[in-house]
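The data below hold one chain only, encoded as structure tokens and taken in the form predicted on its own.
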């Protein structure tokens, strides 16, 4: 009986946002409002769901009863906090007006306060992490914060020659998206199992699903309508970013090369690039690549002992490929 991943993790995720808000409680009302703003329960909670399913799958694999350890649930919470802090800062960097169908923090409260809100959420996450009291887990999740910063830096400076460009793009994708998922999965496995092979399985599943997730995200920028996404489409092009579909399209339409180099900054670049991508099979090829990463993730997680949660993680790769927002 295949339970869908979301309903399977539901019970453990129930009070997730409430608990995050407790971590963020401060005496200053305005800071509270800022920090609680995205923890309104409207997010997909995709990352905590993966973390919880991975935790239970590892627990079963390690001959414990599947029950979730409090520290594992904390990691699910911390991963969502780190993710959200990075969104708050990304929106400042990208000067975005909307996110998840509502105005961004920087739009409502201004950039200065948005930066402080992101910092505050991150500090609350760090304190929650320290309370778990496991130094290996602390170092694994600290790596995520470093990767997020390096990934954002890579995104700001993506101007290599054509051969290096794809490598740069996948590396940036790992740092900005997959590292958080990979290392959170690894962290929950460390808490219940001392076998490095199990840690590696958890990590590789998260890494591969994370990259696939972002590849699909980059496809949706071209195929999904803005009202579904809750943010305007072609957003990446407008930011000057060449994602998978564009890089593949460039192999068919070399005219894109110059546009990529000037980050779509000339008049009409965004529209022309958009047309080229839709004419090319860039979307299809990016989709193939995402499928490849999902296959890899399935191969990894299949090494764990069978459990409802393990099977849900396998099923999750399907959902990642099929999502439309």
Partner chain sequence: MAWRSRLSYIGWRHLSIFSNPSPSNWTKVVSDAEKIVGYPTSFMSLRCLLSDELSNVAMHVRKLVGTKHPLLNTARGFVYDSRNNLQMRGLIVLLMSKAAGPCPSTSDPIHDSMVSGIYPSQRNLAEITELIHTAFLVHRGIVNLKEWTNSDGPLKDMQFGNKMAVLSGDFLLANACTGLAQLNDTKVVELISSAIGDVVQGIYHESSTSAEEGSLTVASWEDQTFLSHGALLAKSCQAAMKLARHGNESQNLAFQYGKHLALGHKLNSDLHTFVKSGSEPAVFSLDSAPVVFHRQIVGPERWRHQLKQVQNMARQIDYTKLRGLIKTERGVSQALDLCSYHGNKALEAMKCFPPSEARSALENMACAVTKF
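Given the structure is predicted, the values throughout are model-derived calculations rather than measurements. Residue numbers count along the first chain shown, from 1.
Quick note: we don't show the form predicted together with the partner chain, though the next part is all about it.
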item: Among 213 to 221, 93 to 101, 197 to 205, 245 to 253, the region lying within 4.5 Å of the partner chain in the predicted complex by heavy atom distance; value: 93 to 101
item: Residue contact check: residue 146 to the partner chain in the predicted complex, 4.5 Å heavy atom; value: yes
item: 4.5 angstroms heavy atom contact with the partner chain in the predicted complex for residue 271; value: no
item: 4.5 Å heavy atom contact, residue 65 to the partner chain in the predicted complex; value: no
item: Heavy atom of residue 30 within 4.5 Å of the partner chain in the predicted complex; value: yes
item: Residues within 4.5 Å of the partner chain in the predicted complex, restricted to 32 to 59 and counted by heavy atom; value: 34
